[in-house]
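Before any questions on binding or motion, here is one chain by itself as structure tokens, the form predicted on its own.
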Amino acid sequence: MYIYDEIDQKIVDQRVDQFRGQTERYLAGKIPEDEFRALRLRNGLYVQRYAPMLRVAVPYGLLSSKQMRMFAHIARKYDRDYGHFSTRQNIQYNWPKLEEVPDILADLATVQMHAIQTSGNCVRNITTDHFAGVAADEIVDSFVWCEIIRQWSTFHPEFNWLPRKFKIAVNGAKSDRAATEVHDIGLHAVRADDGAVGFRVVVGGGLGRTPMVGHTIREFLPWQHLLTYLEAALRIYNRHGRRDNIHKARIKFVVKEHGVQRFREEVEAEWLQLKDGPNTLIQAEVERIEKRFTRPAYEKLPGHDAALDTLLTSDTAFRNWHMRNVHPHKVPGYAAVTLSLKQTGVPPGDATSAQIDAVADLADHYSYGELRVSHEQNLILADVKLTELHAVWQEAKKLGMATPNIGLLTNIICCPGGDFCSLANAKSIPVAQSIQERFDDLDYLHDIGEIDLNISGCMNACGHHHVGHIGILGVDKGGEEWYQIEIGGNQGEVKPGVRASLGKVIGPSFARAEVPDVIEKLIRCYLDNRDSEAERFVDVAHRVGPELFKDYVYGKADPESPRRRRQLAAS
């Protein structure tokens, strides 16, 4: 856990005082609406459909139990007793009163938290792998590098008024669990043949109205030059990014219009002027940041537990949960646990104040007082002893957080949609609930296998629908809510050589009541045409293309699937 120093705390405290004065002057009519809008956005405050919405930063998704309890306090005192964990690894409150927001920020500051740069045309919260620091396939601990970037980018005078918001993701492991290829800049840790650590730099990814997969502009960037290279790339973007058209203002459009080669050349030329300047990192600075992090005092434990094996053999429910929600750890005797925020009937990512408090207790008892937020809108206890997994499962069941669906169809990523957001064309939460209810059969979910289903209420793609194996987009047709279906999206590398991909629309949109039936037809097409149980939905979608799925959905499918015909021929 990163611990503030005196300078960190002073910056956050001063920002609270500053925004309190700004809010008081606005409420007194001394600051016009247009001027206050820019000020509130810099402090994470939106005006949504029915009330303000406050987005609180959770830097790189890492939290202490004390900070988690503060989230519960805010939900009880200032909101409607719950918070929403978002795909940016942040938490959002949908019902704060404008006049009380400075008080919320003051409370957050007492536990080393803030809402700085969670909105506005600046560098947003740096995101990373939710298994950072514990993953068995880790190359570097990405938390340290995220913190270095956070300190560099916060209040950076040159990049505080960019053409548009800017999102950076860092992945420190071999598998990309941070979706680096669909960010403005994605940094993927790599190790050279001589063992030197560096980063592959991917630029120009993004979702929204015009989704794009990023382009690698440097295969290996030595870690010493991380900040200078980021500065060079942001300078080129700041110089050429459009400020006259919000829909074409992201860096992906600069890369597209310049061409990847020209953009790369401009960044490299700019970097040569910065390469050995003041922002060049040295080992002492990296170590200084590392020392600001607390580390679990791991016990020396055996890597195998016979009692756990017995429980897994005798208890089917526990075994199902262990299979989906328990993940390998690089330290023998430990595992990482995902607490699911995808219980059927509950909006994905939502947690009550009581649940938030209880998770803080779990973190204290079982995970060294720390937890993480994933961009898939779940919570993670990263350091659980193998001997305590059964106890954690029992506690998670009491909280409604033991749904064994991680990686399965009902682990839905979903934005708040039209229930809250003023930008949304359609509601997302009721669609997610109807799909969860339709597929609320664990045996069937396991038969289907791994599927990412993502839902967005508008083209801004806060639900990341473009990279869902199945993506659902809410659209407006004549003032009515309809839903467009995509298949074949993929957020990033899950095995060597598998890159991010964008989904393809299968055809005309559907009314809300039709969506569960459509999903069922897509699943039927997949099950009929997969070569084996190991072939995932997204793999079949890429192999056979969208046309066959379209035929199933729109009623043109051959009733005898290729797999069925092969079975008949073999018999």
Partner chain sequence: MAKLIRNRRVVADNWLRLKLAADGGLNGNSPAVPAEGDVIVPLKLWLERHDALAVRLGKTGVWLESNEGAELVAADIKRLPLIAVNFSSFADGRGYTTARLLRERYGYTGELRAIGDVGRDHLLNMQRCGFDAFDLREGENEVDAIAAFDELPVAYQASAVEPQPMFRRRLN
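Worth saying up front: this structure is predicted, and the values here are computed from it rather than measured. Numbering follows the first chain given and starts at 1.
Beyond what is shown, the protein has a form predicted in complex with its partner chain; the following relates to that form.
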The chain here is shown without its partner chain. Which stretch in 254 to 262, 303 to 311, 377 to 385, 231 to 239 comes within 4.5 angstroms of it in the predicted bound form, by heavy atom distance? 231 to 239
State yes or no: in the predicted bound form, is some non-hydrogen atom of N460 no more than 4.5 angstroms from a non-hydrogen atom of its partner chain? no
Although its partner chain is absent from this view, report whether D34 comes within 4.5 Å of it in the predicted bound form, heavy atoms only. yes
Report yes if any heavy atom of E270 sits within 4.5 Å of a heavy atom of its partner chain in the predicted bound form; otherwise report no. yes
Non-hydrogen atom contact P157 with its partner chain in the predicted bound form at 4.5 angstroms: yes
T216, T344, T280, T294: which sits within 4.5 Å of its partner chain in the predicted bound form by any heavy atom? T280
Partner-free chain; cross-checking its partner chain in the predicted bound form, the single residue of H329, R150, K174, H322 with a heavy atom within 4.5 Å is R150
Candidate spot K66, K398 and C421, all three touching its partner chain in the predicted bound form (heavy atom, 4.5 Å): no
Within 4.5 Å of its partner chain in the predicted bound form, counting any non-hydrogen atom, which residues from 282 to 296 show up? I282, A284, E285, R288
